[in-house]
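Two forms of a single protein chain come next, each set out by itself as structure tokens; they are called structure 1 and structure 2.
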Structure 1
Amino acid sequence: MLLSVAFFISFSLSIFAQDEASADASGDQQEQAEDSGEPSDDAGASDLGDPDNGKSIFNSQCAACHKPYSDGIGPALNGVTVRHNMEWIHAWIKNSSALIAEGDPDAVAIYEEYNKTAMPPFPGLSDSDINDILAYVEQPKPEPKTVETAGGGEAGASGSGGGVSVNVILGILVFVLVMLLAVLFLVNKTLRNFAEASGVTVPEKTKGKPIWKAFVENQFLLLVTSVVILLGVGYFAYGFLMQVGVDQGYQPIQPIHYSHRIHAGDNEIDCKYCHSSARTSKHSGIPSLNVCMNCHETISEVSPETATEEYSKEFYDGEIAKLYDAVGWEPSERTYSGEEKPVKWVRIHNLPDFAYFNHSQHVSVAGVSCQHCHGPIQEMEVVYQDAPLTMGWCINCHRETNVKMQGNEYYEKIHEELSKKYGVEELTVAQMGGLECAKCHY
């Protein structure tokens, strides 16, 4: 009784706690929104132009090669109005190669310094556009917003943060129970004192047989207990034998800490972007490092908001550095050294060699979602095997799933004949012969 009450209290409390946490998180977001609103007002006072407009132009036209505060393909732009005069900057942006051809010493020097990479002309930018861009890049480098990241961390942790508050609640419950015990003990003691004072004799307990002796002498109880124990042993032994060779939950440590949570979850990159061969091949391969470099040529460090309590920004940046090491990419010089070391990923989902599984006919033809077999992969920081991948698991799905016949001319005739034979509208994989041994085991 007491336990159930305690259970109920802990439940309702944790729900309250979660409500509070989410309220906190939304509050943080509001504060963030206000924060981000402020600096634009201050910086609008710059004499060059409108930095907000400049930022949007910069992000769409310039940011492919330039960053405000660090070198990219082109030089860092912060401080450029100090290094060069305005007329020169305007002429350079509108047509840099013409300046170089004229033999302008500054222009030639920059051209030589940055590997003779020509900057494309931007005749479409007006003078005020260029001034807006300059106003944006001349803003002092913003301090890392510590408040904001803390808020982000809290908001991110609110999902798992439930564990902490549950611990606190349990601690409070234990405290309450101990207090109750103490109170009961005290009440008992005072009652005894009263009894003594009023001359009532409390009946003494008589020592009986020890409980185990009584138990052993009762043959019926003994029989029932041994039957229960036998059943229990059978249950556990069977359970033990049934999990031999099942790798559900297998979660090895990979050579690079690749986070599906960040890529597929936060950034909503489609699964087939990296695992592109799932569409066409039996194997849904691990992407080659060239796919990594499609994006990570420009993304060399994670943003502070990505870091969690468990994994810091430094940790993630180090993992990206491991990628650069494997492909031989020099981020400072933006060149490949040619020294490649393939990353030895650890394969998690393994079928025995005598089973044939084809990704493309499940993904492209049947349209099965990735999560159906691989679990909530977009929430996994480190990937584990979600499904057991046992034969019973495969067959279950083949019994319950209907074949996607619409728009597939291969099935036109077969559907007509088989649905007549079985008397059904839609055919499951099993009715199509998806349980035959040779379909998967040859």
Structure 2
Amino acid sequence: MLLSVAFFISFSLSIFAQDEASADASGDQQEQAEDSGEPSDDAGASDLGDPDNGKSIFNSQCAACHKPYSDGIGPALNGVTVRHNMEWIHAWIKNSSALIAEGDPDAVAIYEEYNKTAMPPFPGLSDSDINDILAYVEQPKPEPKTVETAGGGEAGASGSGGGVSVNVILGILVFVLVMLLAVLFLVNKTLRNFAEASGVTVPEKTKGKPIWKAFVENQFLLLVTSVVILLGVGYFAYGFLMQVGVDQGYQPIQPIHYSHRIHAGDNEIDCKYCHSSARTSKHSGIPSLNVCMNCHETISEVSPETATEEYSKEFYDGEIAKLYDAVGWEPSERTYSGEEKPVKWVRIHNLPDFAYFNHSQHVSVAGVSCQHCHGPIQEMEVVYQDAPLTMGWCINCHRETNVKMQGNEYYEKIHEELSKKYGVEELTVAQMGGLECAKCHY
């Protein structure tokens, strides 16, 4: 009964805390809306057009050169409707070269400021499309995400089911345990009094032979225990020795944080764009920083939506700044200083020297996907070794994987001969000689 009451009270308090937090949040929002006589932040932007459609057009047409809140190849676009009138903006976007040729002072000033880089014309954009783009870029800059922790101040107190309610639940459970101990003590005392009143003698504990001495004198039990201990020691020793050289789960911290989740996952960049040598070489190779700068010359910060609770937008922007420092790129001047610094990447996957593995054989010839060996790389924020990369793991793969014969006359000829020999329709790598020692050890 006490346990039932405790859980009922704790559940009620949790529900009450959630309802109260929701009511407070909605009340605060309503109060802010009523107290503020000004329109909402994006009211001015929505008057221009549809910001959602503007975002889509901006990403496809403008994002290569412009950013909403910072300079890129061209100027930052946020606040452009304040700096220029709408008629001039429409004329500039549709044909900036014409305004420069006419000697328009604003057009010439922008052209001179940004290294005389002419903006390409966009005659296909309608006035409505341009207004939608302006509605998107004129939205106020989003505030960085803040991670609320259950232990700190008001954030912890207002969290649903956290803070005060958790302490109350723990206090109730402690109280219940104390009550149970008290009840057990009273029951024991009552039973002893009842036995004494009934004339029942409660036997006192007698000091017997020590348990260790009885254990030593029992030869059979001693033998069985020794055998079990030896088997256990042998089992764990074998397991430990079999893990020597196996680095599955190894996850080092790199000098520059690189998120495969963002690049290979969200942006769907092909693995072989960065690791291009995997197509033609034994090694997949570490991409040079020049490959990074192919994109990051114009991408100096991430979008707010990219940030997570663990990694903020400021963190990602700081890592891009580390890249700029390594290659000597000055984003404000859009020039290279010539002062380069090496980046000491930490290797994650490393086979022993006596094991031969060719990436091109697997990637280009066999058509094996990167995820087959490296795991769900497109979901990894920090890369780790997913597979054990042991000899047994490789052999199992060769035994279970069929060779792709389509479009390869050499394999088609071998397949025709070996399929008759083995009596199968498809050949595995093992049947093609993939288990020969010299294939991997030379």
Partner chain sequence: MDLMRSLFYKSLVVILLAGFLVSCAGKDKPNYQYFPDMYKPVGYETYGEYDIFVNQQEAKLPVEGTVPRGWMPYDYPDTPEGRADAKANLENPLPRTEENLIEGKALYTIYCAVCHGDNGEGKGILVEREKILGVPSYDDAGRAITQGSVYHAMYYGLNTMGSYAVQTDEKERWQIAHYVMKLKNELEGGEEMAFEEVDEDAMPNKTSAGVMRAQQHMESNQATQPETSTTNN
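Numbers follow structure 1, counted from its first residue as 1. Small disclaimer: the values here were computed from a predicted structure and weren't measured. Each form is matched to the other, and the largest set of C-alpha atoms that superpose within 1.5 Å is called the rigid core.
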The form predicted together with its partner chain is shown as structure 1
Answer yes if the CA of Val302 moves 2 Å or more between the two structures after aligning the rigid core, and no otherwise.
-> no
Has the Cα of Lys94 moved 2 Å or more between the two structures, judged after a core fit?
-> yes
With the core lined up, does the C-alpha of Val174 move 2 Å or more between the two structures?
-> yes
In Å, the rigid core superposition gives a C-alpha shift for Gly79 between the two structures of 7.0
How many angstrom apart are the two C-alpha positions of Gly239 between the two structures, if you fit on the rigid core?
-> 2.8
Rigid core superposed, Ala195 Cα shift between the two structures in Å?
-> 14.0
